[in-house]
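In the form predicted on its own, a lone chain appears below as structure tokens.
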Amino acid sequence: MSLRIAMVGAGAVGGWYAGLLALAGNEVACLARGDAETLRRDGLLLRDGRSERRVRLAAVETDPGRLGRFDLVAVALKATANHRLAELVEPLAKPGATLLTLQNGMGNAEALAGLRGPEPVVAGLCFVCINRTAPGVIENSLPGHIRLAAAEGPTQARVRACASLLRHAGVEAREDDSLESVLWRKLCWNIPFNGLAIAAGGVTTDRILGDAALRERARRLMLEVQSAAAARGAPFGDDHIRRQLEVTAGMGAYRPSSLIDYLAGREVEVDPIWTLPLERGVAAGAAMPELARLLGEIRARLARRG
């Protein structure tokens, strides 16, 4: 059964999954900012290593009040815009609608739950390499997967429904009983590679792995994330760290999303990716000196940028 879906944010992640969901036969509308005119005129262009697909959306607007109401509202905004969730999401969500966050870092499910409580909120963490290379043009160099969990408690019907919807659209989607577990596993990559890309002055992932000192820092950061996850009751093994390093080696000269924002002079998602994990990990008893050092370096870089 097709659904009426609103995607809030039509950047890399929002554009990619909006396009796939539309190709699967759903009625998908996008709430967009700078790309709205291009998306109305040309639609989305999705590229990966195998194909190039043009996708027309049901509607594209900059004002949520002009789109109507939807069964599913997916949020793919930067977490720095979470203070606007009420004005952007509430006009789009039917009574009983599912709210899905596809954002990076910690605190996003809680922010969305602040609108209607945690029951309708599903968190999706995207383990992928997607970039918006031009207005309306989205390129995916690593399809990866999405891990989905309820904002609170174990897997429930909404999580299963979102996973099924995404799988029907050709996405590898996995359900998880613990959002805490999914968050720390994603942060195992985001904290070191988004962070060191900025702290080292604007470098891609291949340069982090190719520099002995930076690679060792990445490994130490991953071990601190592993320690914090265990302290928070969401342990993962050394095999996960090994896989993150192996996957990153295959990405080539990849620019993480925080690096792109940093170089473009945009606000960087500092709190959800570095500050909150540090605070929560230390509060649980984990020692995280390398993350504290990294956070200080990122803040210094951002301050110098002005």
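Position 1 is the first residue in the sequence shown; the rest follow in order. Just so we're clear, the structure is a prediction, and the values are computed from it rather than from any experiment.
Below, we turn to the form predicted in complex with a further copy of the same chain, even though it does not appear here.
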**Study point:** Selected contact from Ile260, Ala58, Leu45, Leu278, since only one has a non-hydrogen atom within 4.5 angstroms of a further copy of the same chain in the model of the complex
**Key:** Leu278
Practice item. Would you please decide whether Ala24 lies within 4.5 angstroms of a further copy of the same chain in the model of the complex, comparing each non-hydrogen atom pair? Key: no
Check your understanding: Does a further copy of the same chain come within 4.5 Å of any heavy atom of Asp271 in the model of the complex?
Key -> yes
Review point. Closest heavy atom of Val282 to a further copy of the same chain in the model of the complex, within 4.5 Å or not?
Key: yes
Check your understanding: Is there a heavy atom of Arg4 no more than 4.5 Å from a heavy atom of a further copy of the same chain in the model of the complex?
Key -> no
Revision key, fill the gap. Applying a 4.5 angstroms cut-off on non-hydrogen atoms, the residues of 2-40 near a further copy of the same chain in the model of the complex are none
